[in-house]
Ligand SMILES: NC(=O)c1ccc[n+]([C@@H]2O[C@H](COP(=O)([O-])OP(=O)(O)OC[C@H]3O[C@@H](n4cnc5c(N)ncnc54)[C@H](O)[C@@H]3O)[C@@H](O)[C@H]2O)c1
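Shown next as structure tokens: one chain only, the form predicted alone.
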Amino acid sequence: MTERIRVGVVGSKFAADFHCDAYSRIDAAEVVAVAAIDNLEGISSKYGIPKTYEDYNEMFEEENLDLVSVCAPNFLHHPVVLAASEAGIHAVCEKPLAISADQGREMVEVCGKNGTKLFYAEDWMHAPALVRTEALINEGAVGDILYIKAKEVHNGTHSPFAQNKETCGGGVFLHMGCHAVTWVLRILGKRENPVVEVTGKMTGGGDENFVHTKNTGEDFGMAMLRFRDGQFAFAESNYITLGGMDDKVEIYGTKGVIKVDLTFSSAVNCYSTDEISYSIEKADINRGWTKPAVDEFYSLGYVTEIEYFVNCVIRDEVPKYGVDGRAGLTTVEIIEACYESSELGKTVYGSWS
């Protein structure tokens, strides 16, 4: 395939925006159509997308697409990916892969049957700081890994679909904790070293939440994972953290330690007596000292992950573990086990890889 690949986008809000931004930086791809139930004029005019559809099925029928980015709410990931695969279109699915492991399993199976690629859009896999971290680990900088801590936290989602357990598939631990779970799977897991036990602790949703009592899913979640070879990983996500989105990773090994700050590590320090327009995602105050992001979409991995998926389509390559459907499915399976552990009040045993 030598010509630019033709891309469609399903969705028109936050995730669709950074997918379209990434495609706009890639010469080998062109977004030719977008399908959504609202904001079609907003996103199409912003990125110069020539065709708009209210029905993604119609877009799949009318446009000769090579790849589609599925940026719709979580509960739509399953039907959109299946429809794309049946139309012979490769799919990039936003996180989490699905609202249940059963749905995720069917997505992987159908794409495999149809010979279409299922890419899992876990941006942490391509965030430059974490790419460098993985390289350091692989060269032995920390020796044998003993323990990893990873988190993504902020003050809450504005999406009504993410606030609803039925349309989200859970609460914050599925919606955001998936980042930490997938990344530690990439570093410690795969089939050779599966997670063998999980211990989860979550708020109960609604009135049992710490802050967001209107959310039917949890607003705080944490889990300890143990791998077959003995390593531990701690994953945390919550909607109770003020001050902007805080993504951090720490790796502890026999020969060293690595600490990564994905979101507060800007080289720019700004002091303003007025409110600046933007610093980082979910910052509730942008006055005084701030650390404005330089290129947030790039530093969080969105641009390079999309470029990687485009190249996989062009070169007909299988995606690496961590941004493939199988890793997305395993992540959902582990998070479901964490929910079960929290409900039962005890550790849950199994084998997830």
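When you see a residue number, it is the position in the sequence shown, counting from 1. Everything numeric here is computed off the predicted structure, so don't read it as measured data.
Although not depicted, the form predicted in complex with the ligand is the subject of the following passage.
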Problem - Partner proximity in the predicted complex: residue 243 to the ligand, non-hydrogen atom cutoff 4.5 Å - result: no
Problem - Distance check, residue 129 to the ligand in the predicted complex, heavy atom within 4.5 Å - result: no
Handout entry: in the predicted complex, residue 309 touching the ligand (heavy atom, 4.5 Å)
Key = no
Handout entry: is_contact(residue 256, the ligand) in the predicted complex, heavy atom dist at most 4.5 Å
Key = no
Practice task
Using heavy atoms and a 4.5 Å cut-off, decide whether 12, 73 and 77 all contact the ligand in the predicted complex.
Solution key: yes
Exercise for the section: Please name which of the stretches 185-193, 227-235, 248-256, 120-128 has residues with heavy atoms lying within 4.5 Å of the ligand in the predicted complex. Expected result: 120-128
Handout entry: Option touching the ligand, based on a heavy atom within 4.5 Å in the predicted complex, out of 161, 210, 147, 278
Key = 161
Completion exercise
Interface check vs the ligand in the predicted complex: of 31, 35, 68, 327, the one with a heavy atom inside 4.5 Å is 35
Exercise for the section: May I ask you to list the residues of 193-223 that have any heavy atom within 4.5 angstroms of the ligand in the predicted complex, in sequence order? Expected result: none
